[in-house]
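You are given structure tokens for the same protein chain in two forms, set apart as structure 1 and structure 2.
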Structure 1
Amino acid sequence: MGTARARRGDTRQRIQDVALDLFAQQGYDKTSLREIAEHLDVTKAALYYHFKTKEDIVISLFEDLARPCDELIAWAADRPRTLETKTEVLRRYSEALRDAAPLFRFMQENQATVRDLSIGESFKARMLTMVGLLKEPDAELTDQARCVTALVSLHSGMFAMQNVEGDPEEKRRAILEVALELVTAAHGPGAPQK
């Protein structure tokens, strides 16, 4: 009863929670609105009261959860491209990924699907911007590869290391360390350190 009352008005939120869970677990295509509705003990039609389409649910998830990333990018945009900035960007980005892990797992594992959802484009753009923040403007191919690898490793590393034993947080820090190394190496001695 208390629960039922507490649930009043937060249905939208609950839809998002369940949807993200299922999308991350089973994939977008394999998760039907019927399934989401059943998990929430409401009808499919109820979902349409809160979201215009299935895609809209994803969009809302993305908007809510990827905001920290956008804020990070905005924060970095004004700062000089020093190694210190880059380091800080990586550090914060790693934390943002951790905090929205299910969303990124979903995006990671459903790239083909995400690609022609409307968020696909903006996700790609964000990635490009991130690379832009990390690499020197005239970096050689290998250094670009280093930066891209750093980013890729933050995105995929956690899932790729699922079979490695160890505390998740420690694993995250290990991956971050590697990413920092790569970006530091790419930064080069000629670039401004501070």
Structure 2
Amino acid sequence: MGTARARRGDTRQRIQDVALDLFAQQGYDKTSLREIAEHLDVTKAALYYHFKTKEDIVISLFEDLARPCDELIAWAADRPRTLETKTEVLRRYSEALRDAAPLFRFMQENQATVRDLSIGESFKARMLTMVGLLKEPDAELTDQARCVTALVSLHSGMFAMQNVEGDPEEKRRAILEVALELVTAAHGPGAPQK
């Protein structure tokens, strides 16, 4: 999603940004396409050129996040299951999530909508695939939990850290460091054993 910043002037991107802001402020159900158009100072017809429904806007946001996830999954599938590969998966995924914080806030605050739009299932499937890239199926349960938690921490950390003082990029790096520590602890022969 690194291209999102380069596309800030792009009308499609502006629509997505304004819609997410309004969904966060008012809720998905209470936001209309008319309000989105008004906030953009465009006609509803101009908005329709890009998106026919609110659902189309949300689906486009998930597709924008899914693209780098799918590329990462394809990249990792051809690599050996080493600690180096696993840490690179976390680094690249953290980068993909950098601009997705508003989307995760939307997901957190509109869980029923996400389920109803069926995007939740495809997102869940991607996350299960990502977890599979990090954990070994025959590893001890504690080490499997470390790998699952590493991925979850990248998501929930963004949401939980929004009220913590500090630079957003420094907070992202801190969350990544914690995720890397978890995968490293689960991977090596020095990993704590019961």
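Residue numbering: sequential along structure 1, first residue numbered 1. Please read all numbers here as calculations on a predicted model, not as lab measurements. Rigid core (definition): largest C-alpha set, two forms, superposition within 1.5 Å.
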*asked:* Looking for the form predicted alone among these two structures; is it 1 or 2?
replied: 2
*For Ala174, state whether the C-alpha moves by 2 Å or more between structure 1 and structure 2 after rigid core superposition.*
no
*Superposing on the rigid core, does the Cα of Val164 end up 2 Å or more away between structure 1 and structure 2?*
no
*Does superposing the core leave Glu88 with a CA shift of 2 Å or more between structure 1 and structure 2?*
no
_What does the CA of Ala45 shift by between structure 1 and structure 2 after fitting on the core? Give it in Å to one decimal._
8.2
*By how many angstrom is the Cα of Gln25 displaced between structure 1 and structure 2 when the rigid core is overlaid?*
4.7
